[in-house]
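Have a look below at one chain only, the form predicted alone, in C-alpha cells format.
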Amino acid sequence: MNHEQSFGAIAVFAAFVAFTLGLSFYLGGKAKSAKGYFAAEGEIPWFINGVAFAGDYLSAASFLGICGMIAFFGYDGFLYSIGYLAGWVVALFVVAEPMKRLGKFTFADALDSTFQSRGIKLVAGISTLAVSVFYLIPQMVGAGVLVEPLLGLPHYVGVIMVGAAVILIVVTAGMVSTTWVQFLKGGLLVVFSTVMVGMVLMRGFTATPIEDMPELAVLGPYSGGSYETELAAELEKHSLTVLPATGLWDTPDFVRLSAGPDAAPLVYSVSMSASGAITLFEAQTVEMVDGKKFVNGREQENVAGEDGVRHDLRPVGRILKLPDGETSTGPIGPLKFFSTLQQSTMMISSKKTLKFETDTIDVYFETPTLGSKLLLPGQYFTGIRTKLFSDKLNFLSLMLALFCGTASLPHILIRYYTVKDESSARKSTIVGIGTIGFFYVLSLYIGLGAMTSGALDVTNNNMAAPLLARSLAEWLFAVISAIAFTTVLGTVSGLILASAGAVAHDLLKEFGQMEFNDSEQVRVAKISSVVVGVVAIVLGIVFKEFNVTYLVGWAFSVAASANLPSLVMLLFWKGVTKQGVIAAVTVGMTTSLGWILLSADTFSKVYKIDPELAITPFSQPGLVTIPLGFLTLIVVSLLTKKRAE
C-alpha cells in the first residue's frame, strides 16, 4: 500500500545522506588521537551533547517501532515510551556524574576504576559487544523497511546501504562526527515531527461508512445462536454455498463461501457484537510464493489491474463513525483529538495465522472497535487484561528492563566522556530527557494519526511515521524518510563506535596487554568497526520480520542484566570485589542471552518451529536475570571479601 516511488523523495533523501557523509569527512581531521576518536577530546558543549543524547536514544525503535505499535495497538505502544523515558531517571540520578568521574573512554574504564583487573576488562568488553550487537539488529531492520517504499529496493539492500554508510562515518571521524550527526538528527526529528503533528491536527478526522468501503463485503447482522440458518437463506439468493470447515479452516472464527468450482473461495470473519448479533466481514488471506506476496490468491498490486480493482491489503485502521454522526471534524485541537477518538468507532485490522500439519496461512480481518478501547492498555500486552500469569510476568519483565536498561547501554554511557566535567554531564542529561520526553508525546499523535489515516496496511508496522507523512504531503514524506534513515545512521554509528572501543581499548590493549600507541589504537578501532558493521548487516537481514521496538526490548534486557548490577553496586556498596563484578557481568549477560534464545518468540520467528516447545516460560528475561545479576554480585563479593582483605 502506498509504495509508489517519488523522485522528489529520493532527491531529498540523497541530499540528507550526502550531507551526513560530507560532515563526517570534514570532521575526520579532528580525531587523530585516541581521546579524539573515542571521546571527542571531551570538548563537546553540554547542550549539543544533550540533544545528541536524544539523537542517540530516539533510534529506529522510537521513531519507527513505537509509532508503529501505537498505530497497530493504540495506547499499548505508548507504554514503551513511558518505560524508555523512566529509565532516564536512573541515568540522571545514579549514573551521569559517576560515569564522567570514573571513566576515560569506555564503560569498562568506569567498572574497573578501583580494581585494575584484566578480568573485569574482559567481561565488560564482551558485554559491551553483546549489548551493542543486540541493539544494532533493530536499527538495521529499520533501515531495510525504510528503503523498500522509498527506493523500491529489497529489504536486504537497505540494510547493506546503511551498513556501508555507517562504516564510512565511524572509520572517518569517530565520536566527533557521530555527535554532530546525532545533534542535527535529534533536532530535525523533533522539529519535523512537530510539523507533522500540526498537519494531522489541521486535517482532523473523516468517517467512512461501511457502504463506502466497496472492497469490504459484509453479510448480516444475524441473530446470535442460529445465524447459520439465516446465512444459508441469504446465500441462496446469491448462488453461494458454505464450504466445509476442515483442515486449516476447522475454526469458528472464519467461514468460507464458494461461488462455484472454478471460483476462488471467499473468506469471511465471524464477528459478534455486544448484543450477541453476528456479522460476517470479508477477510483477506496472505501467502508468500517465490518471494512475492499474494492477497486472496492473486499477487499484490500497487495499482489497479485490468479489472479496475487494486488487489492490495486494506488499511490497519479507519474511522467508521464519529461522535454525533459527524462525517468530518475539520481542524481539531490537541485535547479534542483524544476525546473525539475516544467517542468514535473504528474498523481495526487483526491477524490470525492458521496452521494444520505442514500448511500455514495468514488471515487479516477487520472488526468494529470502540475508540475508548484503543486508548486503554491491553490490546498488545494481553497480560494486563487476561488472567494468564505468564503474560503478566512478560509485561512486568519488559517494563523492568526498559526502566533499568537505559543507564546500561554502552553507546549512551560513552557519551558522558564527550563533555568536560560532571556538571556538564548532568546538564546534558537533563537536556536529553526534555527532548526525548517531548518527542514521545508527539509519537502518540503520530501513531494514532497513522492508525486513522488509512495510509498503512497490516504489514507496515515499522512504517507508520513515513507513510502518515506521505498521506499529508509528498515533501513531508521525503523529509521524514530522510530523517528516519539518518536516525538509523546516527544510532548505528554510535553503537559501532562503542563496540570498536570495547575491542581496541578493553579487549586488546587492556586485557590482551598489546602495546599500541595512540594512532595504532585508533587504527585497530577502525578495523573493528568494519567487522562489527558486517556482523550487523547480516543480523539485520536475518531478523527482518521483527518489530524494531520489540527487538530493542531484548537489548535493554541484556544491558540491564549484564551491566547495571555492577555499576550501581560499585557506587553504593563498599563490599564489592573484583570477583563479584566479574561474576555478576558474566551471569547477567549469559542468562539473559540464553533466556532469549530459548524463548517462544525466538522459536517461532527465528527458528520457525513450534513456540510451545520453548523452554523459558515467557519471552522477556529481565524479571529473572536483573535480580540474578545483583544476587550474584552480592554473594560472590561476600565469599571473596575476606580473601581480598
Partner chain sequence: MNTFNARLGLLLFFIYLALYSGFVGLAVFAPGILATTPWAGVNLAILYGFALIIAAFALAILYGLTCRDENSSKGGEA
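Numbering follows the first chain given and starts at 1. It should be emphasised that the depicted structure is a prediction, and the values quoted were computed from it without experimental measurement.
Not on display, but discussed next: the form predicted together with the partner chain.
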Residues Gly125, Val535 and Phe543 all lining the partner chain in the model of the complex, heavy atom within 4.5 Å: no
Stretch in contact, per heavy atom within 4.5 angstroms of the partner chain in the model of the complex, of 259 to 267, 458 to 466, 498 to 506, 394 to 402: 394 to 402
Partner contact for Lys351 in the model of the complex: the partner chain, 4.5 angstroms, heavy atom: no
Exercise: Val531 in contact with the partner chain in the model of the complex, heavy atom 4.5 Å: no
Interface membership of Asp362, the partner chain in the model of the complex, 4.5 Å heavy atom rule: no
Partner contact for Lys293 in the model of the complex: the partner chain, 4.5 angstroms, heavy atom: no
Selected contact from Leu335, Met288, Ala233, Ala274, since only one has a non-hydrogen atom within 4.5 angstroms of the partner chain in the model of the complex: Leu335
Contacting member of Glu326, Asp253, Asp421, Glu474, with respect to the partner chain in the model of the complex [4.5 Å, heavy atom]: Asp421
Contact set, 429 to 453 vs the partner chain in the model of the complex - heavy atom within 4.5 angstroms: Ile430, Ile433, Gly434, Gly437, Tyr440, Val441, Leu444, Tyr445
